[in-house]
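Next up: just one chain, as structure tokens, the form predicted alone.
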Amino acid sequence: MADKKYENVEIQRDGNITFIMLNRPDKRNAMSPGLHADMVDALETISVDPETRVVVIGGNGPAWCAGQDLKLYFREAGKDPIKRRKANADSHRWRWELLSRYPKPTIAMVHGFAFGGAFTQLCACDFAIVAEDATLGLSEVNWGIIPGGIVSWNLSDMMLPRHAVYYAATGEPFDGKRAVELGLANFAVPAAELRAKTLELASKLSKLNPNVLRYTKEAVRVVRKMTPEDARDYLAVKQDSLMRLDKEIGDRVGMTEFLDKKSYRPGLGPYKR
């Protein structure tokens, strides 16, 4: 499909992997009302793109995302209640409502700086690969506000409570290796290898059955907040729904591949559609 052109976002393609790049490099990709609107449109458009199997959220220039653009998002938009309301809705829409429930697997590819509000989309993505020398942090405490939106909730959901309180209360930055230790990222790699390693993971994901992958990531996110009893019931219904959606997952293919043809053994590779 022909890609739309945006003022604040750039679409890049590598086969069936689509990179959605924040594109305000001179502002370290700080998020303006315009960027929020562009990201809503880009994510909604790519979500139904048959050529895309995996989405990577990256950033052009020296930073992944420096948080909200204080001047444009808070001060300028605050002068017009309608614009402020739309900016707030778009901000939450793409960073959480869309990304945390996205039908395709998503990877945050983080380099340079990731601060404040950027933590929401970092936590919303299914996977995260960060450069070892990336700098992440919550500096809000230094200028008299708390990590707002749902950033504080994101922290408490991803990190152990002691770590969440420490980094939010001190504003102390940390690097990519520490981000992995804290549970914010899957891997930290040398900056020069970031895109290659991201493509490596994306390629692996693109070879999996898309329906199984989607239902799996949705299930893991949801059951974490359930009781064991509710989770058991939910997962049974989820599996039944998957089998109705994709007939190849039923006994006709899934169990046949595993039990009869013996084409899959744990550790030797995934079942591919």
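The numbering used is simple: start at 1 and walk along the sequence shown. Note that the structure is predicted; figures quoted are calculated from it, not measured.
What comes next is about the form predicted together with ligand ACO, which is not displayed.
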Checklist outcome for this item: Residue within 4.5 Å of ligand ACO in the predicted bound form by heavy atom, from Ser139, Ser152, Ser100, Asn186, is Ser139
Checklist outcome for this item: None of Met243, Ala219, Met226, Leu70 but one has a heavy atom within 4.5 Å of ligand ACO in the predicted bound form; the exception is Leu70
Checklist entry - Just one stretch in 24-32, 231-239, 52-60, 37-45 has heavy atoms within 4.5 Å of ligand ACO in the predicted bound form, so which one is it? => result 24-32
Checklist entry - Quick one: is Phe113 in contact with ligand ACO in the predicted bound form, heavy atoms, 4.5 Å cut-off? => result yes
Item to check | Non-hydrogen atom contact Ile145 with ligand ACO in the predicted bound form at 4.5 angstroms | outcome: yes
Next on the checklist: Residue-level question: is Gly117 within 4.5 Å of ligand ACO in the predicted bound form, judged on heavy atoms?
Outcome noted: yes
